[in-house]
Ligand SMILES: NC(=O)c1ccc[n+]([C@@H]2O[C@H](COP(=O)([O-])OP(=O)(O)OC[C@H]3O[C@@H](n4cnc5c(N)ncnc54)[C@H](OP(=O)(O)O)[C@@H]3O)[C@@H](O)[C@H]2O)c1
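Single chain ahead, written as structure tokens, the form predicted alone.
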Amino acid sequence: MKERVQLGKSGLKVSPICFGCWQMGQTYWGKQPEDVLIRAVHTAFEYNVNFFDTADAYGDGIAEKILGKAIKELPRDKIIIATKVFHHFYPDGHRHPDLSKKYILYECEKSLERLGIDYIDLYQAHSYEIYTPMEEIAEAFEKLKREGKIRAYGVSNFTLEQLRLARKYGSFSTLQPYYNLLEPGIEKDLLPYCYGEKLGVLVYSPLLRGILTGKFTGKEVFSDLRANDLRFKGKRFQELVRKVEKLKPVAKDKGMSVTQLTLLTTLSHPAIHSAIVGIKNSAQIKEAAEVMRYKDLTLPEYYQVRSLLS
């Protein structure tokens, strides 16, 4: 596998493994030691991961601040920073969707400040906002690009028709969709469209919040956001764990972990450029980064994995 890929039309060269920063928000995934998170960012860079994805909404700016501290010691021209805008959040904790031009321009400045950088490599609309006309949204991103505050812009969590609409008005060059081998629904429409249009695709939740690591027994009880996720309870949880169990002998035969086999298979899809892996510590990013050293799966190997999970 190549250690750098072109992220579609964005002009960005990124590692196929992307360091996901949702856990830095100190909210949905529980409190994470800041020093451990910072060390993990440095470990990622040591293991040739140059792509870091965060969002202003993760902890209402907390994740961006922690990532900002972590990258101070890294060469800016050697890393790719992606962040997102959508949630207009307030000091009292409430928030609402907002992709107005005024807010995008304002929030980009705040993200730059929290990250401690002069420009954002990839700025993304975190979700589709129904109130603001798409012309206005695209105009804001274009203005930021002209001013050199962002290098490229894209969207996250858009449906196919929402993406078509966005691209009618602006040069949105990337998509960040939800995708994993147990829930591959976007293979029907979004991925074929992105491939045909040469859009960069960075998928999130490729390990299905840990299920596709093969580390669960089906009896675990969770205290983080998975506590209210039906996929992590009862028969449904056990059923998913049993499917993933089938991957263990295949992974062992290839000399890799189930996590690595899952990521390698995910990245074998020709429309997918990078997989965002949520990271809490150095051990997790080491395991994920090692995937970039493996050879690509052959066609029979790819479909073997897919059939075991079907």
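Sequential numbering from 1, following the sequence displayed. Note that the structure is predicted; figures quoted are calculated from it, not measured.
What comes next is about the form predicted together with the ligand, which does not appear here.
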If contact means a heavy atom within 4.5 Å, which one of 129-137, 199-207, 110-118, 184-192 is the stretch that engages the ligand in the model of the complex? 199-207
Give me the residue from Lys145, Arg76, Lys215, Arg236 that has a heavy atom within 4.5 Å of the ligand in the model of the complex. Lys215
Of His88, Arg226, Lys149, Arg167, the one that lies within 4.5 Å of the ligand in the model of the complex (heavy atoms): Arg226
Whether Gly20 contacts the ligand in the model of the complex should be assessed with a 4.5 Å heavy atom distance threshold; does it? yes
Although the partner isn't part of this model, could you tell me whether Asn157 comes within 4.5 Å of the ligand in the model of the complex, counting any heavy atom of the residue? yes
Proximity of Lys280 to the ligand in the model of the complex, heavy atoms at 4.5 Å: yes
Although the ligand is absent from this view, report whether Phe45 comes within 4.5 Å of it in the model of the complex, heavy atoms only. no
Does each of Ser15, Glu245 and His273 have at least one heavy atom within 4.5 Å of the ligand in the model of the complex? no
Check each residue of 175-189 against the ligand in the model of the complex and list those with a heavy atom within 4.5 Å, in sequence order. Gln176
